[in-house]
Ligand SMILES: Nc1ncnc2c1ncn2[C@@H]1O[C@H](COP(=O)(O)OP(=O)(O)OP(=O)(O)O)[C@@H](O)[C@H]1O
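Just the one chain here, the form predicted on its own, laid out as structure tokens.
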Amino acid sequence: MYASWTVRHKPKTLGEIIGNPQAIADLVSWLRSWEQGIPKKRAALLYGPPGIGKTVTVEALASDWSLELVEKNASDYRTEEAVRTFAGLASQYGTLFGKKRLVLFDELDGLTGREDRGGVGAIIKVVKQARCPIVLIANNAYNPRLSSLRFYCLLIQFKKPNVRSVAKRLRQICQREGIEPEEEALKFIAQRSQGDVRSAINDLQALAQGKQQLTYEDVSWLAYRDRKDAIFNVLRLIFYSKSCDAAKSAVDMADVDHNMLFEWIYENMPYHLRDLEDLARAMESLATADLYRSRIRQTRNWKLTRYVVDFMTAGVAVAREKTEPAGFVPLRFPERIKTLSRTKKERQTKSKIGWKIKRRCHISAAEAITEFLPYLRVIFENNAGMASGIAKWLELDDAMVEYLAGTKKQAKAIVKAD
């Protein structure tokens, strides 16, 4: 059973939190003010983008100060009665053993939806009467529905940490997991996360788990990753939907083309459909989708796309009969896309050599690559003098010579033989 690294490596103390030193200092200062009596602002409202450490900061603070943390998600307590029952009692009475208490109301944005029936007003009443610190967390503190609540709270803004801070955190996790990473690889993941630490750690786990080393080549194709809607949620919707319509809706959620989504499904399906009969049926549907993809490439009949979508989403979803929903399953990036990314430079060099041969021998570039290239490699690897003459005749550059020679040492020998 895999454990999420965001949980396994969650910071336990404030010293382990990355970024936002001023916000943390303001939060600590506000909490200390309670030692002198009830302050003017009985609640602190932390706000900022998701995944940057707001909740974990409060949890670490409670741990450092030995406070009893009473934590709930506001999205689970939308009504006035529910808020008053939980937060009202928690903010009034002490703990059984006399410990100080800290009340955390997370995901405050959840109180602003259509289902809200007095939840914000109830929060205000609780804050006005609170006898212990209350921390509220929201992504957007300036939502109009929260305007009246802001007046009673100390606003503390959390910002996205910089690339260096995120990369440092990823390096610490790699050390704990026994992974030797290249600095450029960690920097690339940090840049792609755009300050979302939780997302960066999830990417790191998907890319590095089970490995001893993490190179830049392992992560360079991460640009294929869709961040508008988490592809993991899209895949789960396909694998575990109970209706065809729900599975097909995943196509609208994923901001990737159909061919890329096909690769994601193909790569991850065996890990989610663990029953062999379910997997066989799903593979058959995916194979049918692939046949339609091939027909589209041959005929340019784009109307067939509807069948590709139906078979690779609804077809896969209805194949699940015995497989139960899994817990945390690490997301696996498509190996075929990874391979194409890694070999892109090599394929470009091979294509350029093919065009050089085509110009001299008056054959197609594809035929040149298939028929001539293997023999050229034998010559370039074993006969520097002959290779030098061929390279000059074909007008090959240094990269082409090195590709055919196989090693930099042999390539240098060919150049010297000129």
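Numbering starts at 1 and follows the sequence shown. All of these numbers come straight from a predicted model, not from anything done at the bench.
In what follows, reference is made to the form predicted together with the named molecule, a form of this protein that is not presented.
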Close approach of residue 354 to the named molecule in the model of the complex, 4.5 Å, heavy atom: no
Answer yes if any heavy atom of residue 197 is within 4.5 Å of a heavy atom of the named molecule in the model of the complex; otherwise answer no. yes
Is residue 18 part of the interface with the named molecule in the model of the complex - any heavy atom within 4.5 Å? yes
How about residue 51: is it within 4.5 Å of the named molecule in the model of the complex, going by heavy atoms? yes
Candidate from 56, 390, 379, 62 lying within 4.5 Å of the named molecule in the model of the complex - any heavy atom: 56
Which residue, 250, 201, 103, 127, has a heavy atom that falls within 4.5 Å of the named molecule in the model of the complex? 201
So which of 381-389, 42-50, 345-353, 25-33 is the stretch with heavy atoms within 4.5 Å of the named molecule in the model of the complex? 42-50
Is every one of 6, 10 and 139 within 4.5 Å of the named molecule in the model of the complex, counting heavy atoms? yes
